[in-house]
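Shown next as structure tokens: one chain only, the form predicted on its own.
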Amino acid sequence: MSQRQVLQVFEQYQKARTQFVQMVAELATRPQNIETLQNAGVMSLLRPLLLDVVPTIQQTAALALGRLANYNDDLAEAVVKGDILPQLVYSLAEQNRFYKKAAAFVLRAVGKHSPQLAQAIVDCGALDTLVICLEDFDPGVKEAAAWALGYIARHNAELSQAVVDAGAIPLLVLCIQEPEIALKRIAASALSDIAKHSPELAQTVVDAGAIAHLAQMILNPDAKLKRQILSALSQIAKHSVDLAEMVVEAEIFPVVLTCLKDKDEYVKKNASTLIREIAKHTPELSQLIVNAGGVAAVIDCIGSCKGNIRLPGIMMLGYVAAHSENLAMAVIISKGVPQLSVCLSEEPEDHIKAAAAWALGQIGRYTPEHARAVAVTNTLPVLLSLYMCTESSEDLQVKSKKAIKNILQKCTYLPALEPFLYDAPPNILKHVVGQFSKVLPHDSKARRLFVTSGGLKKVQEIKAEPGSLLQEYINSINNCYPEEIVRYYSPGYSDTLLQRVDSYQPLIN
């Protein structure tokens, strides 16, 4: 065989390898091909090509593996069991930028599925190499490495701590200062994934100076970046008063309120979440939000969106109201109650209804004025129907019942209470009757209306245990009226009168 023929054989072999990896990489982009590729044993065929002498074949083989591993955890598991990870980690440190991006993609694709698979990446020493990649001159390599680190960190505190111990945080903070928008997004996302697990991990992000850099980017025009920035600040602020105060001190108010009007629904949601995480800690932080116009802005935001986008805003109003009577009144003044009532009535998801019920209960529990503000929106019958509906989730039933009790125990607005005399179950009814027993002794107009509307008659029909609290309330109501009026509206009184008619002997002249 001549030298030329030998070269031709090698050329054909290289061409065949190139075609093979390119074809597998292409096929792996379509879900319908994945099972066939897996059954054909493609993983074991790709593994030796990671060591190929031709760089483009190495890169394309890594890309194909990444696409396969990205598809499901079985394929990701096959990458781990095929002993492919050590080779990727070795090559990550040695090869060119194209290979580094492809190798980091494989690590990300494997690590995203479960803590166990992410741990396998840590165990093969990948973190140190990925952190080195964060210092690469190529933004694409930095982005791929940051993405992989974030996917590992998001699973739990232990994996997140491993990423921190590898020295990733200061370099991720540098990455959010780079000019490339895509790199900023991924670095902010990774910081969010690290900070979310515990106050200690959030503090490590803060100690690296992340808050100031994140806060400066709240008004960046890129919606996807804003999502990640707001998420990272939320994950820091949620853990403690001190961390929330550090976020506030970065002068995010009133700037963050502009995000509540953003065209992007998830920017709105993440901005609401950030405000919620700050508001929940103390009355002082909630008051700061009120003073900045945050309550009114969140109420407007709830009115402009639907579904889960509303949820953090609904909860934020509940947290603000829960702190104090004055803060609950601030929610009322900003017209939060009608908006929450709309959410309670029109949202199809039980968990959103439950949040609205809880928030309304927090607002109405302080004084008769607070309770009336909720009652006049016709919210109480809706809460009652949700509590009594067998199709409502257990959480929705519990929160509706609690809200009804909170509001009823302070409500002196009788027109809202009266329907409950006819519809409420016994455990709710006693609170309703209790409120009538408090109001009627001091209000002559209300006493008259209670008779003409049929309320007094209904109270006489209630069967209460002798000596029970409910019986005491009924007695208090009855004591507001002359005895003959009470007798007149008692069950069976008309029969008694008819019997007297029957037995009455008229006087005959």
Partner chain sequence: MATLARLQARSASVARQYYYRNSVVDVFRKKENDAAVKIQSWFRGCRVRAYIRYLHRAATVIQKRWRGYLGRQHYQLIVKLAYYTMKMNLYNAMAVRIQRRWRGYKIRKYCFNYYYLKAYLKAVSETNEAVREALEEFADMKEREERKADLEKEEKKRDYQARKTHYLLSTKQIPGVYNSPFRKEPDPRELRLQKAKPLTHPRPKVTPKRSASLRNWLECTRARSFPRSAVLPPIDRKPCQGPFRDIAEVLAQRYKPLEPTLRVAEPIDGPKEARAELQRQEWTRNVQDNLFLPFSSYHKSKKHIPAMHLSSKYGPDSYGSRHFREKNPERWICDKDFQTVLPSFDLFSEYGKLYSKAGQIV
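Nothing here was measured: the structure is a model prediction, and the numbers come from that model. Positions refer to the first chain, counted from 1.
Another form, the form predicted together with its partner chain, is not on view; read the next lines as being about it.
The partner is absent here; in the predicted complex, the one residue of T204, Q87, S334, T377 having a heavy atom within 4.5 Å of its partner chain is S334. Site annotation in the predicted complex: the residue of E346, E200, D73, D165 reaching within 4.5 Å of its partner chain with a heavy atom is D165. Annotated contact segment (heavy atom within 4.5 Å of its partner chain in the predicted complex): 255-263, selected among 255-263, 149-157, 208-216, 227-235. At a distance of at most 4.5 angstroms from its partner chain in the predicted complex, all three residues T18, T56 and N326 contribute at least one non-hydrogen atom. Its partner chain is not drawn, but in the predicted complex it has a heavy atom within 4.5 Å of D300. Of the heavy atoms in V290, some are within 4.5 Å of its partner chain in the predicted complex. When contacts are judged by a 4.5 Å heavy atom cut-off, F98 counts as touching its partner chain in the predicted complex.
In the predicted complex, its partner chain sits beyond 4.5 Å of every heavy atom of L311. Heavy atoms closer than or equal to 4.5 Å to its partner chain in the predicted complex belong, across 132-148, to one residue only: I132.
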